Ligand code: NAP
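One chain is shown next in structure tokens, namely the form predicted alone.
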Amino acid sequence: MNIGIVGLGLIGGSLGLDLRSRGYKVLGVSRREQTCTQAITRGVVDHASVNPAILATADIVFICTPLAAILQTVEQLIPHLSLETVLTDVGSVKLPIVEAIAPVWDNFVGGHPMAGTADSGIEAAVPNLFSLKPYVLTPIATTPTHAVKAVEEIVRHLGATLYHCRPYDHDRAVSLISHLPVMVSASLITTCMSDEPDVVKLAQQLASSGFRDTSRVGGGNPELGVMMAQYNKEELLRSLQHYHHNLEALINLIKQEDWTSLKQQLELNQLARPQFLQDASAMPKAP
């Protein structure tokens, strides 16, 4: 089976490394010749080109570009693809992507691997990035069964944990556990930088693992954060409003010196957190 990958950054590059190691022939497309050369040298792809015509023989094509470029990329690919080719993407927002692409390409399956690192580019690609990580597929009523099964097979070969849901449900869920944390973490950094210079300098010297953990996603790729907000605006705003409400509740407990209620809330949080961090290998998979 020939697999096409458009966008040879962290996700696309890691995908290529894993698929080639499992015996697939991988064809890569990038905007830059230099990236194509690096991808071949690193063993990410068998062949790579800036010309999408290289994908004429691809059975499945993964669109691994930034969110803003996915639809345009598909439109550019269509003249070069077989009508039987299955398209899928890796974008972190699904509803607008599925609504835009499904009408123009029948064999499209929305997808989102919940994996990544703080690094980017072909240099950041690593083997086994998807192993035991959630990988969500968002087929709709008109998505052909054979297209879904084709992508499922690839996901299972990656060692990922497969889930199915509606595009809308996906976007609501990731707004809570992915997009909201980016904005909250960014706000934390802004708050820390807004104090008096001497205090900020001291805080920078004292910052340790707690700050590192809570600030990591807020200090990540700004372009990615903007795209999360732009493409998942309504759900992110809903999550931010809920967060604001709960933050106000904590503020009021502290103002009122209601330490008993504050402790009870923190105890509930302590019990709830592990439910969001379960070992993916122990979680139920999609049928």
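All values derive from a computational prediction rather than experimental measurement. Each residue number is its position in the shown sequence, starting from 1.
Not on display, but discussed next: the form predicted in complex with this ligand.
- When contacts are defined as a non-hydrogen atom within 4.5 Å, none of 96, 101 and 167 contacts this ligand in the predicted complex.
- None of the heavy atoms of residue 175 is located within 4.5 Å of this ligand in the predicted complex.
- Proximity of residue 35 to this ligand in the predicted complex: non-hydrogen atoms within 4.5 Å are present.
- Taking the partner from elsewhere, residue 120 is found to have a heavy atom lying within 4.5 Å of this ligand in the predicted complex.
- Remark: residue 8 counts among the residues lining this ligand in the predicted complex, judged by a heavy atom distance of 4.5 Å or less.
- For the candidate set 181, 113, 139, 159, a heavy atom within 4.5 Å of this ligand in the predicted complex is found for exactly one residue, namely 113.
- Of the residues 233, 42, 47, 31, just one reaches this ligand in the predicted complex with a heavy atom at 4.5 Å or closer; this is 31.
- Comparing 167-175, 205-213, 141-149, 86-94 against this ligand in the predicted complex, the single stretch with non-hydrogen atoms within 4.5 angstroms of it is 86-94.
- Residues of 58-97 placing a heavy atom within 4.5 Å of this ligand in the predicted complex, in sequence order: 64, 65, 66, 67, 69, 70, 90, 91, 92.
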